[in-house]
Each structure stands twice: as structure tokens, then as C-alpha cells.
Ligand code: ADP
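The chain below stands alone and is given as C-alpha cells, in the form predicted alone.
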Amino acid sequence: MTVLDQNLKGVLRTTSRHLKKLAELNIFTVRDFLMYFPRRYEDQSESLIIELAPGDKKVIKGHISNFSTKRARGMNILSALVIDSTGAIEVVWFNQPYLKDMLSSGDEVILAGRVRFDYGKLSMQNPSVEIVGKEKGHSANIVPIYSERDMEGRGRLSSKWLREKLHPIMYMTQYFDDPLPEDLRQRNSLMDFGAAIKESHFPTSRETLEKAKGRLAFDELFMLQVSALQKKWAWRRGIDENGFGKRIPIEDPIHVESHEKFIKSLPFTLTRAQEKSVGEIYEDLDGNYPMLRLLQGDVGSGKTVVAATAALQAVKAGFQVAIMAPTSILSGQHYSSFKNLLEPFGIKIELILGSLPSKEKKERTARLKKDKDDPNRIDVVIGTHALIQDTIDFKNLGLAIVDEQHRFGVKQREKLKTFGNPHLLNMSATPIPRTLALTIYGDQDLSVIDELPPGRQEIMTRIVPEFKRGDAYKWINEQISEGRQAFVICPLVEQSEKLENVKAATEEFIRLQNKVFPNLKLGLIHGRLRSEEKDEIMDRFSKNEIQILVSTSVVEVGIDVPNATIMMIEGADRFGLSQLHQFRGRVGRGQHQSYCFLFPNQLTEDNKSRLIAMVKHASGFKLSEIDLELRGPGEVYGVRQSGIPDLRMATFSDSRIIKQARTEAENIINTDPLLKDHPRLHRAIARNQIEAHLA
């Protein structure tokens, strides 16, 4: 056992309840504690007393005078004057009796707190206090602030307490093995690893702190990239945890004649971005290893057609295709689209859902195992997670396509790979900045469709204040009388006592039907309905038997009703930009001008900036960049589902470090994919993976 792996119980002078609280943060060893980084830093440069003003949060340095204690109104009250060369200020502490034994008149102290003006004089109440010469690193110019946790009503693990306990063990940072090769550190001007950890807890200057943060951020992003590229390297060679797998070789998959006939059959011309993506996919299909690619595109950019070209090539080469979507609604939509696109080419397509009657499911499952020359064989199967049940098997699956892949857990996506190690094409309609995609989905090659088909009209987006609600309803009524349809999105399924002013779909449906649109036919859909019910409602909406569909976020993806031209979003401030953009993408799919109305509950500055961005920008990629800055990747992209741990020092918005880390990771994996020549890096990555799993 190394010094860093010592249990804190034998190292720290503290109580068992403090150790228990540290354990709740997964802090057990010296290494864990030293790697528990601050969440932010405060600039606490010292101010002169003469410079203080009411309301300021400042740090001052001076000598204690007139120190006294008393008890009044059931409280222990300690008071003193603190004097510097420019003046004096009164300081009071309530119910902190331990300070009586810690402080005395004449001590030089550093105080940090907010300045008040009471009874005609300046004062500080309950400031943090340190005695100059006795304590170190607390109220220096740059002060680390940690995530402070309540200890079950018995106080907090305060930043000050954490710094007090960290300071005596800082010398142990010298025992950290630097995981990065020396030449890599020099090439990128990176600080020594142990020094960076020490500097992050006890900064000596703003400049060295930034260097330390840069080094630690680089390590996090670099190791994520190395792990991702290792997975990519292993996938290409059919290597998994059980050893070497065997890839199904799709020999001569590119049937030029079929491709040309397919392209000519389309009622539109592919965009340049679509053509580029098709070319990249064909190159993968013709390669020496199975494809592992992410096809990313904005709402309505035409990912389905690109995926259909790949499916056509796989079937023409004699293989089967599986297409998996997160919901039965989206699966049904794909079933309809792929039938229209591929059935004219003699391709047999079927749908398998969890709701399918047992007899039909058994019959279709049996057809998946038939030879390619059998007329009953299924060439392309579409479905939800039902496709990865143990009862499903294929005769020769050559291509798996996963739509909205971020909606599936890592294990669910991995299951598809076990069917003969097929080519794998993931699709996402959530636009992600390229540098971020390289980190979150760094084990995959990336194709981006970043342009919309010509002729698509921009959706007019407006923020609607409450006093304009009546006018909006009147206008919607007029549009529907002309044959159009509308969505109404609500944040909740049912009313919540905790969220009084937030509209719920069930109550809003009743109100709109009875009081606002009594002469129209409304429908209600939400995630608590059975799949058959949702399918039936969506079918009626697509046939214009329902004119206004009231829904929760269940319609975020997979709904294609060209006649629907109005998207009305209640509680728009409660959704992120990426989700709002997905809602907006449900309209604007036909020939008529479409509209998106945002009805906010509260217009804080943050909410306002987000909604204004929706009005100004039609590009999902631009909105995703803004959303990333405002909310962070975890909320926007479901990072945890991607197997990416929380970052301690790095940020996914730092494209410069991401690119830098990616380049260096590629250099190492290209020459040493198993990290045999980089044992310290190998150990560090293995440790990170264990920690991410435990978290």
C-alpha cells in the first residue's frame, strides 16, 4: 500500500462523524482527499478598514482590541474592535464560544465577511477568522471554496474545515506518479501533476492557479479521450472483455446500381452534407473493420434518408439490418419511413415492439433467423429495446442503427454489438458542438449534417407575455379553421403542489377543451399512457382527427405531422434550449408557414436570455453551444448515460483543451493502443474508470 492509499482514519486528527461525512463523498484515502478539488475560488484580497462600505463582502487584516464575551438573549456573544493603520471596525460573533479560547486582545487576525452599518457605525457579524502565523492558506488573496455538506443537522463540512485538514497532508502530493509522459508535458507546457494538486488547494498566485487548473483539466479530458480511442481501437478489431470476436465481413457492399436507383427515386436532391455523410458511411462499410459511427444532424436535416442508403447496401450484400429507437412512437415513424423508401427495392421490413401480441412477436422473431433466400425472411427489423431481448436473434445481422442513441444506456447499446459484431451507426437529432461530441462520443467516428434541405421555411418563434394569451388563442383558432393543427406542450403530467404555477397536461387539456376551444377536437398524450394508447392518439392526430394535441415532452422526438404548424410551449422557461429546439422541430415539416410560441412562467435574466436565443437562432448547433454555456453538459446531453463521469476541473466548453487532449490521445493510441509502454497512464485510467463506476 502506498502513502496515498492510506485510510484517512489513521492520518487525520478528526472525529468519527467527520470521517463518516467524508465517506459519504467517497473520500476514504489520502488520494481521495487530495483529489477533492474546490468548486470555485474567491478573490479575498485584503482591504483597508477606511475603504469599507455597507454591503461589501471584504477581507481585512488588523489587531484585536477590547475583546470581550457576554451572554444575552440566550446567546453567547463575543465582541471586539479590529484596528489597522487606517481605522477600526466593531466585530461580533454569535454562538461561537470556542473563539473565546482561540482569540485574545493583541492577536493579529484576518477576517472575511460582509460589512454592515448599524447604530451609526460599521460592523462585521460572524466573519471567518484566522490568526496570523497560526493558520495557513485560509484567507489569502485567492481562497478555494469547496462543496460544503450539512452533517445531519450538526454543522457543515465547511471550506475552512476542509482546508484545515488538507493543509497538514499537502506534502504527500510529492508521492503522486505523474501519469503523463515527460515529452507530452513539455510539448504542452504542463505543470507537474503533484504540484498542480497542491496549487489547486493552496494557490500562491492567480497565474500559478490557472496553470494548475489547466494541467488538471487537461488530464481529465485527455484520459477520457484515451479511454474512448481505446474502445474504438478494440471495436475495430472485434476485441471485447471475452477476447477476440469475429466481424461479419460485408464483402463488396457498395452496389452502385442500387445506390443510383435509390437516389433517383427520391423526390428531392440530397444536400452536400448528406452526400458527404453517405460517402463516409460507404467508406466504413467497405473497410477492414466494423463501422462505429455517429450520424449527427439537426431536426429535419435528413438523417433517415442517409441511414436508409446504408440499410439498402447491407441488405443488397445479403445481410440484415436492425433499427432501434427509444419509443414505440418513433419506431412506428421509422417503420413508415423505411417502408416508403426501401420496399420498392424488394426489401422486407417489419416492426417488433414490446406491446406486440406474443404470437405475432414469436412469428416475426422466427423470420429473423431464416436464410437470405427464404421469401419469409425479414431484411430490416425496426423496434424499441424489444430488439435486444434474449429471445431475439438474427441469421446474419450486418448493420445496426440506433436512433436518439443518448436515450439508451451504454449497456443497451452494447447489446446490439453482440449479434455477430455488426456495423453500428448511431444517430442523434440533438446537435452537439463537434469538440464536445469528440469527448462524449469519442469512441465513434463522426458525420455531421449541418445544413437543412432547400426550401424548408424558418419557423417563426415568439415569446408571448401572459396578457397576450387571449390573442394567441384567437389566432390559433383561426389557423385551425383553415385546416392547420397545433401542439400544446406542458412541463408536467399532473398538477403539483410544489410547482403551483406550472401547467400540467391533464388539467390543461380539460381547460382548453371546455373553456378555450370547445368546438375543436383535442387529444392528450403523456408518458404514463400505454403504448397502444399513445400510438392510437398519434395516429388520429396524423389523420387530422385531432386538431390540437396537448402533450408532455413525450413528443420531443419522432413525431412527423406535416399539417401541424403551431407549437405552443407552456412553462418554456423550465426547458433547456436543446429541448425547446426539439419541440420546435415537430412543426415546419410541410408546405405551410409554421410558428413556435413560448409562454414562460418566470422571466429571470437567465430564462430571458435563453428564450431570446430561441427567437434569434434557428440553428440547433448554435443553440446547443449556448445551452452548454448556460447549463453544462450533464443536463443538456445526458452525459451520465454516455458513461462520462462528472468533471472536477475541466469544462466541456473549453474547445482548445479538448482539441489539444484529442491530438495527444490519438498520438499515443496510434503507437501504443494497449498502453504497454505507458504503465502510469494505464493505472490512472483504470483508477478513473473504477471511480466513475462507483459514483
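What you see is a predicted model, and the numbers here were worked out from it, not measured in a lab. Start at 1 with the first residue shown and count on from there.
Just so you know, the form predicted in complex with this ligand exists too; it's not on screen, but the next bit is about it.
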**OP:** Verify the contact flag for Arg367: yes if a non-hydrogen atom of it lies within 4.5 Å of a non-hydrogen atom of this ligand in the predicted bound form, no if not.
**Re:** no
Original post:
in the predicted bound form, does Gln485 have a heavy atom within 4.5 Å of this ligand?
Top reply: no
**OP:** Answer for Phe268 alone: is it within 4.5 Å of this ligand in the predicted bound form, judged on heavy atom distances?
**Re:** yes
Original post:
Is Ile352 close to this ligand in the predicted bound form, meaning a heavy atom pair under 4.5 Å apart or at it?
Top reply: no
**OP:** Quick one: find which of 595-603, 194-202, 284-292, 300-308 has residues within 4.5 Å of this ligand in the predicted bound form by heavy atom distance.
**Re:** 300-308
**OP:** Find the only residue in Glu280, Asp560, Glu108, Asp445 having a heavy atom within 4.5 Å of this ligand in the predicted bound form.
**Re:** Asp560
**OP:** Answer with one of Lys361, His259, Arg589, Arg236: the residue that has a non-hydrogen atom within 4.5 Å of this ligand in the predicted bound form.
**Re:** Arg589
Original post:
Which residues within 431-453 place at least one heavy atom within 4.5 Å of this ligand in the predicted bound form?
Top reply: Pro453
